[in-house]
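Presented as structure tokens, the chain that follows is alone, the form predicted on its own.
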């Protein structure tokens, strides 16, 4: 079918559906919901069989939903209505939740239902639930709805008694009361607003929005008043509660044009007197199981700033000094890596200089991975990866991915950023020269199967009865039983041959020369794009790489689905 994805922005769910629908053979185009006239124009140009709306912030106009069937993906169970479904579910401590695919009508979320899925609601942030349970349920429900639509079935009305409207969550609905809220209550309130809009609170007497709340395990002085900062660890500040403490990893100062940053960065001078607890807030963790090591790095939103890259490089070097045959780079459960930390760059005194330091720090990590020949290195992607994070993962000897993993192996949407992390070496090496050029130009998300076909992944780990981490451990154990010494010998020989043909330093120098122009040159495109991204400025038009109905034949040729 011809399916138009109508969305507020190209978020994680929209990207996942884009990949899945294309893989199923549908012709898919995207239009950002800018205004009614633009949407009507998109419908005229693309002539879709159906419009699918996975992420909208306003109603579809009657001129559109009366002309073309419009399916809304609502992150709530049957009968739930309103703009903050998942927020309320977390705040209320719901055990079960769901996703409903319904047809657009004049009243919001009140249309007949095409399909729905329910799932258990684990204790996690809104963004984590959205990326995993909500996205999985949405994909299943959308495909069921499309199959019913193709068969000519009609959607079912929801009984009025089952319909419930809930408004947007206000700050007062999740207001923090340090004198009364338990640690679990505080974490639940903050999880319900992570990553937007955050929960309004106060640290060191300053109004801030709180994000990234994690359990605090260390002993706490019971005489300290709740709400008092008591410790620091990495990016986080520990705050006393009535029954312990919580780590607050990220905050955004109240006020206009402020960005979300690590808490210790925002209060860099104020928090220096606090005792530092090593591995209190643990974003890097190493574990060893016999001859296999696992390096976990759960950076918030997958962003890797200069310090994060430096610390991870040190952890990597320490890991391969252990008696290991195989090291698995695990990333985090929600993100493997999304490359540069654009928020820290935006907040820097000189964004150009911080960009330069950040890219060099991530390059040093990539080079360490590539040059390691005595240990077999695997990147295991449970979550998504984007930009430099994709090529950092590909620096390993193997890449194992979750079936739902989405990769964005491109930089150009960030103001024509050239990119580094040795992508000019790694992409042709694993994908071939022709596909490498097309991947770099396409600027499209890529699902696990396509990544496997194109050499950006080596294996998809899927199993009905096991979680991804269990499958990684099983696969790692199997690798030890194979001809690993021969693999390592071949790896060392190949690395020596590649170095003789063109040294890694030459790739790095060429990439960084282009990056330096992005950062310090006359063209401000990167800085404008970064500012708009960090401050969530809505796009004024849909990129032509996504809006195929607006593209000319010349622009669509490079954006066609890449095949090996």
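Remember, it's a predicted structure, so these values are computed and weren't measured experimentally. Positions refer to the first chain, counted from 1.
Beyond the structure shown, there is the form predicted in complex with coenzyme A, which is absent from this document and is the topic of what follows.
Have a look at 199 to 207, 225 to 233, 295 to 303, 279 to 287 and name the one stretch with heavy atoms inside 4.5 Å of coenzyme A in the model of the complex.
Heavy-atom contact with the partner occurs in 295 to 303.
Which residue, 502, 57, 44, 536, has a heavy atom that falls within 4.5 Å of coenzyme A in the model of the complex?
Filtering the options by heavy-atom distance leaves 536.
Considering non-hydrogen atoms and a 4.5 Å limit, which listed residue (239, 340, 451, 327) is close to coenzyme A in the model of the complex?
Selected option: 340.
If we define contact as a non-hydrogen atom of the residue within 4.5 angstroms of the partner, is residue 77 a contact of coenzyme A in the model of the complex?
Judged by the heavy-atom cut-off of 4.5 Å, residue 77 is well away from coenzyme A in the model of the complex.
If you check in the model of the complex, is residue 351 within 4.5 Å of coenzyme A, heavy atoms only?
Although coenzyme A is absent here, residue 351 would stay clear of it in the model of the complex, with no heavy atoms inside 4.5 Å.
Does residue 545 reach coenzyme A in the model of the complex if we count a contact as any heavy atom within 4.5 Å?
No.
Consider residue 388 of the chain shown here, and say whether it contacts coenzyme A in the model of the complex, taking contact as heavy atoms within 4.5 Å.
Residue 388: yes, in contact with coenzyme A in the model of the complex.
Any residue of 1 to 35 with a heavy atom within 4.5 Å of coenzyme A in the model of the complex counts; write them all down in order.
Residues within 4.5 Å: 10, 11, 12, 15.
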